[in-house]
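The chain that follows stands alone, in the form predicted alone, written as C-alpha cells.
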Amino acid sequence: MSANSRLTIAAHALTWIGLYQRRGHEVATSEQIATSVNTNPVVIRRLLGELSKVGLAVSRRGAGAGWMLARDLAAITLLDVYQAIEPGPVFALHRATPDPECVVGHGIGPAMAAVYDDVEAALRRELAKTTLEDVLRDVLKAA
C-alpha cells in the first residue's frame, strides 16, 4: 500500500503559483507547474480543477490561459487544501461486515472507529495551523 501524495502535490502547485505571481506573472500554465512537480500536466489540471471548485484556484481560458490563486497564500491553510481533495475519512472500517459471532469481528469496528476519530481530529487541527504562506516561507528558507 502506497502513501497518498495528493495533498503534497496540491500544496506544491498552489505554493508554486503563489510564488510565480509574486514574481510578476499573472497566470501559470499546467505545463510550468507540472515541470516543478515532475508530473504530467494532466495531473495538475485535474487537481487544480478540484481546487477551483472550492475557491482555491481560478482558471483562465483562451489567450493567456492558465491558473491563478483565488486567495492569497496566507488565506489558504493545508486543511483547506486537504478538504478540497480528500473529502473522505483518512481511515475506513471493513467494506464487508466482519463476523458478528466472533468476539474480534463484533468489537473491532467500535474500537477502531474511536481511534480513527481521534486521529482525524488531530490531523485536521495540525493542518489548520499551517498556511501556504508558511509553506512558502519554509521552502524559501531551504533553498
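Predicted model only: the values in this text are computed from it and were never measured. One rule holds for the numbers: they count along the sequence shown, beginning at 1.
What comes next is about the form predicted together with the DNA, which is not displayed.
Taking non-hydrogen atoms only, Thr77 never approaches the DNA to within 4.5 angstroms in the model of the complex. Val104 falls outside the set of residues with a heavy atom inside 4.5 Å of the DNA in the model of the complex. Among residues of the shown chain, Arg6 is one whose heavy atoms approach the DNA to within 4.5 Å in the model of the complex.
In the model of the complex, none of the heavy atoms of Ala113 sits within 4.5 Å of a heavy atom of the DNA. If you take 45-67 and check each residue for a heavy atom within 4.5 Å of the DNA in the model of the complex, you get Arg45, Arg46, Ser59, Arg60, Arg61, Gly62, Ala63, Ala65, Gly66, Trp67, in sequence order.
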